[in-house]
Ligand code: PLP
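Listed next as structure tokens is one chain, alone, in the form predicted alone.
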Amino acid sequence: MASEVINEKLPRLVTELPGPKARRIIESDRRYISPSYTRPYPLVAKSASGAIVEDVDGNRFLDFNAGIAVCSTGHCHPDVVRAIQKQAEQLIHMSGTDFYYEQMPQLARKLETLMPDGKSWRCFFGNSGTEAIEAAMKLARYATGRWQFIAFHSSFHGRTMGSLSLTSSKPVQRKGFGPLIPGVTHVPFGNAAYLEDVVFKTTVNPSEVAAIVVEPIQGEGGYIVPPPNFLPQLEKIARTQGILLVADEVQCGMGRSGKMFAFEHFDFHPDIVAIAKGIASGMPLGVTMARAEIMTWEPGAHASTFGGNPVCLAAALETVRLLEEKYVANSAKMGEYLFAKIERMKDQQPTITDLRGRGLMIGVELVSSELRDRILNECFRRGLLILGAGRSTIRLSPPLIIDEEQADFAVGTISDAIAAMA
């Protein structure tokens, strides 16, 4: 009898979900792990390659999460794995705070070449997106001598106390942690006139504002793309008032939007850029980039024991090479393909109320959060991994390596899941 032909690029389910091994691990997790984590469905990952994740029971899933927009080059890209292995054999840690790594200026120099303005930039290395934002906040205060910040409704900048003070996507993220740091004012995303005509005339003196912190495309808030003139108007206001501009590119950066940085879709020129998630293909790395004339703080003003770990830097250098060579372009190409297919599905599905995004950062808005959550679980049962964002948005953020066959499967599965909820 002929053996079954398995398509390695698509899911294959062999047990009920969750399977027996997964159930045992989940029970142990409930006993020993913080209940603060959000797990929308019971995936217990064991291994992954490309856009496929295999669980502990041998079930294979198509990953349209990419580890929350992290695994930009796919899971365990062989070139990234080789770079990690080679570096781990040589040096794992010495602390870039106190000593020097060759890879630090190498990556900083490379990142500078990716900035579209041709100016001189410097980098501070941390371990995560929230640390990149914390560093940006401290640098903005240090460089300007000012103390206040402007952030936006539905924004997400992290969960440590400084970045949490900027975050405004869900009340549960802030509940129980007040008082947060003072001096943060939230305004409507996409409405620059409100900042100038209302906030600066009634509430906040602009001469005390250190920075405006903005996601060029909002992530956790629901994959929201601002009007084309919003960021340029913000820049005009900031330049008039001597306020720094911080672009939070943690989720929308590193090719996710179809360009290396999402702010490149707009006529916008930030002073500080926060990068993490997709920069190192899954290794923990956060980068705060700032124009060289801004990042002049003195030794000891800010540091990180593990930040810029040489293994993470090696992964980032290889990731950036791969993104530049092919995957940013694939993000733009496949993003257009995926968006067009979902747009056609939207015309036939009244439960889809909006569709938005750039590149492989696509938000599908549904009529309710309850329906969205049921669809997430139904897609899981059909072998597709997706997550939610905002109030009722399906967030599509697959690895930047996906092809048309995988996009077709994802759209078909979402369509079938919606139909199953009718």
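Please read these numbers as outputs of a predicted model, since none were measured by experiment. Numbering starts at 1 and runs along the sequence shown.
There is another form of this protein, the form predicted in complex with ligand PLP, and it is not shown here; the text below is about that form.
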Using a 4.5 Å heavy atom cut-off, indicate which stretch of 199-207, 287-295, 152-160, 326-334 touches ligand PLP in the predicted complex.
152-160
Going by a heavy atom distance of 4.5 Å, is Ser168 a contact of ligand PLP in the predicted complex?
no
Taking the shortest heavy atom distance, is Glu215 within 4.5 Å of ligand PLP in the predicted complex?
yes
4.5 angstroms heavy atom contact with ligand PLP in the predicted complex for Gly129:
yes
Touches ligand PLP in the predicted complex: Lys277 (any heavy atom, 4.5 Å):
yes
Within 4.5 Å of ligand PLP in the predicted complex, heavy atoms considered, which of Ala211, Leu231, Val250, Cys312?
Val250
Within 216-246, the residues that have a heavy atom no more than 4.5 Å from ligand PLP in the predicted complex
Glu220
